[in-house]
Structure formats: C-alpha cells, structure tokens
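This document opens with one chain alone, in structure tokens, the form predicted on its own.
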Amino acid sequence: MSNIPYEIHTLANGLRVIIHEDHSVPKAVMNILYRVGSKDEEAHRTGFAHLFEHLMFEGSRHIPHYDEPLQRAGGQNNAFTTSDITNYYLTLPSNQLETAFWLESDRMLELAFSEEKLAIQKSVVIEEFKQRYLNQPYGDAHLRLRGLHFQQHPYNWATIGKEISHIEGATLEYVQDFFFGYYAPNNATMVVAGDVDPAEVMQLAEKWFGPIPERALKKHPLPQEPAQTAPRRDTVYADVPFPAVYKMYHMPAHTDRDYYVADLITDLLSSGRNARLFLNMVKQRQVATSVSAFSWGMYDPGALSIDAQIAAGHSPEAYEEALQQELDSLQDLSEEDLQRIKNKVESMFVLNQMTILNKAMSIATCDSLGDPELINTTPQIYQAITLEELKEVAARIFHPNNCSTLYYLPK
C-alpha cells in the first residue's frame, strides 16, 4: 500500500488547509469539517448540530440558493453530522474549482438567517425524528440505550436530539449564537483533493477564506463518563414483531490504541457472512435471526454495541447466555484467526481510499483526531495488534459490569 501524499497549510484566521493531488480524473473535491457535533450541545437544547447541517443549505449572506450554482457547475454535495463533527463535502469538475471556494466561504462567513428558513428546517428535522426514530419498529432503541449507558457525558443523546421539543423550541437568537460559536475558520479543516494545483488552491483559499475573521469559540470542557461498576438494564414493550436485545459496552477513546483493538474485535464478530456471531449465533445455535456488532466511532471514550433480533422459540435470556459464551470464546482465538481478520480490515481500509472523495473525507477526519498521518499509518496500527492485547481488551470490554442492556419486547 503506497502512502497518500498531502500538504498542510494554516491561514492567519486558523483555517487548516490540506491539499492532496490526484490527477487520475479531471475532478476536484472540497471537504470542510467543523469540529462541532451533538456532544457540544446543552442538555436542554439538543439536536442543534444536526439542525445546522440542514440550515447550511438554506442560503448564505450573498448566495440565496446553495445548490443551484453548484449544479450549474456540474457539481454535487452532501453532509453528515456525528456526535463529534459536522462534515460537508462537494465534488465538481476541476476547472470549476473556484465555484467551491465561493460557495463554501460564503456560508462559513454567515448564513442567511430568517424565521421562515428556520421554521422550514425545524419541520424537516422533526419529521425525520418521527420517521426514523419514533415511527419505525425498534427505531428508538439506541436513543433509549444511550440514555441508560451514558450517565454524564453528552453522548447521552443522539445527533437527532434527545426529544422533539428541543427542536421545536429552537429560536433564531440561539441558532445565530450556535453558528458564530462553532462555524469558524479556527474550528475547521478544509481538504481540497483531486486534479488541483497546490499553488492555485492556496491562492483561492487566501482570496475566499482569508478575510473571514477568527471567532471566539464556545468550546467547553466535557464531563468525563465515570467507570460503570454494575450492569444496567431496561425493558420496553412496543408494537414490534419479535423480541430484540440491544447491548452497549464502554470502549476507549478514538485516540487510544485500544480503540483499534476494540474495532478489530467488532470486525471479528460481525464483518461478513463468515463472522463469528452470524455463524455461531444465527446459523448454528439459531438463537437469533440477526446479530450485529459495531463501534460507534466516537472520539471520546465511547460505545461498542451488539444488537440482535431473537429467533422464534428462544428467549432473550437464552440469547444472552449464548452471546456471553461466544464473547468468552474470544480467549481461545489463534494467531491464524487474528491474522485473517487483520488482513480483511486492511483490505477494506485500502478499498475505502480508492476514490478522491473518500480520501478527502478520511484526511479531514484524521486531522480532526489530531494526526492527519493516520490516513497512512492506520493499517500498521491494526497489523501491530497482538493476540494477547486482543484477549485482554475483549475481557475488559465484555465484562458484565461494563454493559448496559435494553430488552425490546412485543406488547
């Protein structure tokens, strides 16, 4: 695997500019990552980071319609919000690169705030909350489980927010305060990748982003989640066809080496049709119809989840017993088992970096974690994990005292 080259610059206002050249196709990507997510919200005002993802497409100070000029230039765009970051990206022909700078700099400068636009996007987000989380079978399972699992840290709520009333109560004054407190050049990383000339990129960056003033950020220390010392459990009865069991375990921060060990464990358990949980829990024991294990990718000490739908004729308790046996069996892994999953993870990592867009997003994410070189060194981190490390981390994470469990049962 060859290294992905890049160069880093910082404007006087604090904006980090990272450039990656790839002249394989006449296309350019601009990715702007803001270091603000749902964890930066106040407990009585949640869902604002995600609401802003919507508001950013409602027009800026000088550009009333974001999508129209981008589409005329042959471009497309999207965005996503997590607990830790909000990320915006666009692709367009490389000879239209300045259009990207014009569009993105204007909405970093200031949005076109209005009561009407706020009302429209509040309505959109509320409808999304209802459709994805409240009106779907099992849709609110992770919302409930987060509240049980995280007692102090604002990972307690999802990006959609804790409850609809928080979005309904969003005022224009608070929205503006949130924007100027987080949407700032000194709180962002911009990656420009593709068929670009670094000198031209920096000239355009100074022209369009250089005049945007550095801002006083609203960043504040986050409470540390205390160690969990006993199992936590909750049960909900709803109109669902089958019982389901959701488990959440505390795991290390993204900057901790053990994070990668935990991530490797989830791939071992749940990646592909030959994964241990599918083979042993679904096909062999047949105690569940589906089982998935995954890391939430949180930057601070976060969560690893194992979700399952229980098979007919089996109880949630029987599934839990079988699952614990499967997790305990990780102590019997061989070097061959470990190397097999390491190779699979490395292959997936390399495949994910095949497109210019994915490379740009990955570089921005790595930079937000404090080390852009992770774009190149991550495979080596996984390959260096030892069997003893994996067994020790598995035993620590899957200890019953480290787990919160939600039973989701038919009425």
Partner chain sequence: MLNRITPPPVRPLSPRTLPAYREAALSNGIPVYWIPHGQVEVAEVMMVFRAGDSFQPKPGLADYTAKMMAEGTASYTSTGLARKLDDHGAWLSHETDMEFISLNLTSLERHLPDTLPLMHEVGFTPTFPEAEFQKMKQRNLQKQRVTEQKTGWLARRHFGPLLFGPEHPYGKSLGLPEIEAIQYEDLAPYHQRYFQAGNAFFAVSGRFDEHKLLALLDQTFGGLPYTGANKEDSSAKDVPFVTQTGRHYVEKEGLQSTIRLGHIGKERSHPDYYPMEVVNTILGGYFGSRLMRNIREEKGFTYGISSNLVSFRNDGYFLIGTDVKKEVTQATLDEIRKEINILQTQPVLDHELDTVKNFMAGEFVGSLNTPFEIADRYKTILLDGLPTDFLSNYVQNLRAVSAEQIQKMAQSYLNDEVLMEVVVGGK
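Numbering follows the first chain given and starts at 1. What you see is a predicted model; the values in this text were computed from it and never measured.
Missing here is the form predicted together with its partner chain; even so, the following discussion is about that form.
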What stretch, of 140-148, 172-180, 106-114, 247-255, brings heavy atoms to within 4.5 Å of its partner chain in the predicted bound form? 106-114
M202, I120, A318, L333 - the one with a heavy atom within 4.5 Å of its partner chain in the predicted bound form: I120
Using a 4.5 Å cut on heavy atoms, which of E163, D234, E98, D300 is close to its partner chain in the predicted bound form? E98
Is there any non-hydrogen atom of E68 lying within 4.5 Å of its partner chain in the predicted bound form? yes
Contact of R273 with its partner chain in the predicted bound form (heavy atom, 4.5 Å): yes
If we define contact as a non-hydrogen atom of the residue within 4.5 angstroms of the partner, is H220 a contact of its partner chain in the predicted bound form? no
4.5 angstroms heavy atom contact with its partner chain in the predicted bound form for P241: yes
In the predicted bound form, does each of P5, H153 and D307 have a heavy atom within 4.5 Å of its partner chain? no
Within 4.5 Å of its partner chain in the predicted bound form: residues from 23-37 (heavy atom criterion): S24, V25, P26, K27
